[in-house]
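There is one chain below, alone, in structure tokens, taken in the form predicted alone.
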């Protein structure tokens, strides 16, 4: 471990050992209106929380609050408001040091609550909190960082402990990820064009449809020959030699599967048919009509290969 990191972690552990505590008090006593809001939101229909007559006949002798409402009684406001009797946060220095050291991101990872007894309407709670533990630097899917556990202990006004909570967060450096390019859209494959795409992907061949009656080559594939109207056809394999017939450079709309500017070429194969294809390693300023090109079949993923062209050597 580098000396600088070892010193940093030793400083973090010193905060744990000091055990400094803060206190958060509540604005209000435990009360029925807040309990009613909670149980309606949670769809918790236990009558011991809202039916005074029923609750009087239970072992509690009256209404109690749901234990899982524990945090609600001392929680700060949305703009960090807190009762004046709450103290400043003793862990602020820890979090500031982590941010300064390059661990600014935070995510909650675990919350463990222990209830010693039910709390009742009319009781007013406060809780103490302190840094209980901080891990060594860990590598996670989110990035590298430290797991920090706070211990919060809840008390009544006469200092009877009623619950405690351990709340763990991860403070981390977000991992740097290369943006993942989405896959290319699938071509519209029919029984007439299936041979073309299968030839590229499975056989590494660029196939051209040929009429069996008049011998004319055609692309894109079609069920009928446009010259003699024959429905009989087979295929021939293109040599891969071509020339640039025309080209256009697309700027908008940007499709996430492609890099922009995106130059699309109309190439004329040695056999005489033309097709649209992308270009490889040719700057658009270098393009010249008639320049010789050479086929390269590019495998996009496990299902799709496409014909592209680079400058002929």
Partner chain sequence: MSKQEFSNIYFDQVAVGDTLPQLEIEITPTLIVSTAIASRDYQDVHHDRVRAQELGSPDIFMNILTSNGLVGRYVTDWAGPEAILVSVNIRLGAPNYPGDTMVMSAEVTAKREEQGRYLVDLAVAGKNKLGVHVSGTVIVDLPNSAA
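Numbering follows the first chain given and starts at 1. Here the rigid core means the biggest group of C-alpha atoms that line up within 1.5 Å when the two forms are laid on top of each other. The structure displayed is predicted, hence computed values, not measured ones.
Omitted here: the form predicted in complex with its partner chain. The next part is about that form.
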| property | result |
| --- | --- |
| Non-hydrogen atom within 4.5 Å of its partner chain in the model of the complex for each of 16, 20 and 101 | no |
| Listed range touching its partner chain, judged in the model of the complex by heavy atoms within 4.5 Å, from 69-77, 122-130, 208-216, 89-97 | 69-77 |
| Its partner chain: the contacting residue among 156, 235, 198, 114 in the model of the complex [heavy atom, 4.5 Å] | 114 |
| Partner contact for residue 53 in the model of the complex: its partner chain, 4.5 angstroms, heavy atom | yes |
| Its partner chain contact in the model of the complex: residue 30, any heavy atom under 4.5 Å | no |
| Residue 270: touches its partner chain in the model of the complex, heavy atom cutoff 4.5 angstroms | no |
| Partner contact for residue 108 in the model of the complex: its partner chain, 4.5 angstroms, heavy atom | yes |
| In the model of the complex, residues of 9-43 near its partner chain [heavy atom within 4.5 Å] | 27, 34, 37, 38, 41, 42, 43 |
| Cα displacement of residue 33 between the shown form and the other one reaching 2 Å, rigid core superposed | no |
| Sense of CA distance change between residue 145 and residue 80 in the model of the complex, threshold 3 Å | farther |
| Cα separation of residue 170 and residue 80 in the model of the complex versus here, shift of 3 Å or more | farther |
